[in-house]
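The chain that follows stands alone, in the form predicted alone, written as structure tokens.
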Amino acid sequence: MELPAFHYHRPNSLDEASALLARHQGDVDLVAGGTDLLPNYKNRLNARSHVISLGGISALQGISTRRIGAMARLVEIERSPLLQTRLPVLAETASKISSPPLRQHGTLGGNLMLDTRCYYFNQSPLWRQSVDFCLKAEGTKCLVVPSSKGRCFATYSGEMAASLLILGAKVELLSAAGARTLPLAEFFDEDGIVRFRDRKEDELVVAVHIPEEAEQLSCGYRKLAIRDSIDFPSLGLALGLRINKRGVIEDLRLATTAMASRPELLDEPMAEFIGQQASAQLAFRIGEVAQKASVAYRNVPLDPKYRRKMVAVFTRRLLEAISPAFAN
């Protein structure tokens, strides 16, 4: 299917991009790698009259342990010797996204801003018309939960967010009014349409900032999908751990993605385990608590109950992989 007609803009600076966003606010999209936006446009999913390419803005590039630009390609994150050594969970997560050709185009900012997905939304116009249009595109109700009274239950499936959440990352935003930074945990919303709680329509993501103390964590990421390559996750789980020489937990962080309309940082449920002695029994208990705290929507592949059970399994496997103390 051909793309719909739109006005294409390619600014060379952040100021120029911000001015374009402000001028066409409400009828504009940003495109980075285009691996998700352009297929959605072909399916006539909320296409806009103006599309701004970010590919020509050098200020959006760059990879360091403290800052990663929004236009950093996923393959660059995957292959970065610096990240592989000092923040390996980011390289590991990037390596599991989609397929090698798509990682050549996909970007960090694009993955963070990935549109929510749903059986009833990510379809052709003819398919959507035959079933009835959903709240996220042309319709008046959510077909996943018809009684939701205006709330969309589409699922967020970006993978980098889970690993960045456990690292305590912040996101830098820019508009014509100026720049600001907020914790990534405050960036997302539970609604499948609104999605970005505190991002205004005239703002773009510039970079992600990672605190220095993130390097003290031992981390890992696991993905559950029908196929290891190409498919979006039905569950992504990132875990960060700091454990002392006596086997006592000093820090424990866990985040999930592809379960609900936003990635979830399970910080409160994990707080009870700080100060406890690592053991196989405790790993099982941590997995149980993580499973109980997780919510899964029924609009992506694999049954919600199975996906929640796999939260516990992935949690135990990551704990055992990070520290042998959890296997004894």
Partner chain sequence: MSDATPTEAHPEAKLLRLTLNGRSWLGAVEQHALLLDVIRYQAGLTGTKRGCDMGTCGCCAVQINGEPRLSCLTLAHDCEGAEIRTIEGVQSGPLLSALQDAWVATGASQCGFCSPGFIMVGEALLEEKPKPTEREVREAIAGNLCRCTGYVKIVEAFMVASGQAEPGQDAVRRNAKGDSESD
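Bear in mind the structure is a predicted one, so any value in this text is a computation, not a measurement. Positions refer to the first chain, counted from 1.
Just so it is clear, the following notes concern the form predicted in complex with the partner chain, a form of the same protein that is not shown.
Check for me: heavy atom within 4.5 Å of the partner chain in the predicted complex, for each of N43, L102 and D228, yes or no. Every residue of the spot touches the partner chain in the predicted complex.
Using the partner position in the predicted complex, report whether P4 sits within 4.5 Å of the partner chain, counting heavy atoms only. Although the partner chain is absent here, P4 would touch it in the predicted complex, with heavy atoms inside 4.5 Å.
Though only this chain appears here, would G62 touch the partner chain in the predicted complex if you measure heavy atom gaps against 4.5 Å? No, no contact at 4.5 Å.
Is P301 close to the partner chain in the predicted complex, meaning a heavy atom pair under 4.5 Å apart or at it? Judged by the heavy-atom cut-off of 4.5 Å, P301 is well away from the partner chain in the predicted complex.
Using the partner position in the predicted complex, report whether S53 sits within 4.5 Å of the partner chain, counting heavy atoms only. Contact check for S53: yes, within 4.5 Å of the partner chain in the predicted complex.
Taking the partner chain in the predicted complex as the reference, which of A280, A47, L38, A293 has a non-hydrogen atom within 4.5 Å? That would be L38.
Between A260, L266, V289, V31, only one gets a heavy atom within 4.5 angstroms of the partner chain in the predicted complex; which residue is that? That would be V31.
Where, among 103-111, 133-141, 177-185, 238-246, do residues come within 4.5 Å of the partner chain in the predicted complex by heavy atom distance? Correct option: 103-111.
What residues in 65-83 sit within 4.5 Å of the partner chain in the predicted complex, counting heavy atoms only? Residues within 4.5 Å: R73, R79.
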